[in-house]
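In the form predicted alone, a lone chain appears below as structure tokens.
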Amino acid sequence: MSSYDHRTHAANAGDVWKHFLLMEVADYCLHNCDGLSYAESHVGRPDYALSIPGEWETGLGRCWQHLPDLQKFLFFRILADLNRQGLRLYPGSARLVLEASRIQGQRLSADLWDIDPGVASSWDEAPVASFQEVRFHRGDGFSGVFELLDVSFGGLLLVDPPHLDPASALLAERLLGRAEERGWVALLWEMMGERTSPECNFEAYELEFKGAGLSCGRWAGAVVSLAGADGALRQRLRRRIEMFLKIMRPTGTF
């Protein structure tokens, strides 16, 4: 898989949906364990500078007007804390999970993969990695996570390849299945209609951007597939999604 640069897309509507759900799941996991293992197959940078123009304007930018109400969610509390002087910075997935563990005073062990040398350098320079056990692996995240699952049991996994062609879609679904077998909670993010292979067999949480007052170019929405969640977590997600949509747009639907 070729290198991918997310900097021009950071904080778009797809990121908002992915990270909102990731933080809800992480919050649940951190409250129900004594220390958490986290893995991410295609991690990207710890954070991204936001500038105008940018895709964030019709994603996170449209959420920002609702920030007082949205701060009941961990995702938006972290964003507010990192942007006290105005909306300028957007944390990547792994940084969000690291911040969540810090807030809750929980120990976190993180294994992160990416093939991009620039991403590798950004993690070498990131002070955020100093307060938790973070291992960055420059290489293929699919094979790396499969190897990790062979020797570990239980944790939180985000599978987030930049492009879901048929081959990577099949690998992603296999990875979710293996994670579930090994006691992990696993999420797979994609834009609606991106995949050309059969749909994932796991529970899916879809967001049509228009229904939440968001937009993202040609993409109508995003979907997060979830494996390994218990009934309590699934119930929690349904409640929290309904709350989020009522804040964003009272007529929005899920």
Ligand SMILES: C[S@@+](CC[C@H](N)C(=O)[O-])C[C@H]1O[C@@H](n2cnc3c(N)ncnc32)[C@H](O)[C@@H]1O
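Remember, it's a predicted structure, so these values are computed and weren't measured experimentally. We number the residues from 1 along the sequence you see.
Another form exists, predicted in complex with the named molecule; not displayed. Remarks below refer to it.
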**Prompt:** Hey, in the model of the complex, is residue 44 touching the named molecule, heavy atoms inside 4.5 Å?
**Reply:** yes
**Request:** Using the partner position in the model of the complex, report whether residue 101 sits within 4.5 Å of the named molecule, counting heavy atoms only.
**Result:** no
**Prompt:** Does any heavy atom of residue 162 come within 4.5 Å of a heavy atom of the named molecule in the model of the complex?
**Reply:** yes
**Prompt:** Is residue 92 close enough to the named molecule in the model of the complex to count, meaning some heavy atom within 4.5 Å?
**Reply:** yes
**Message:** Each of 6, 48 and 116 having a non-hydrogen atom within 4.5 Å of the named molecule in the model of the complex: is that the case here?
**Reply:** yes
**Options 81 to 89, 103 to 111, 175 to 183, 139 to 147; stretch whose heavy atom lies within 4.5 Å of the named molecule in the model of the complex** = 139 to 147
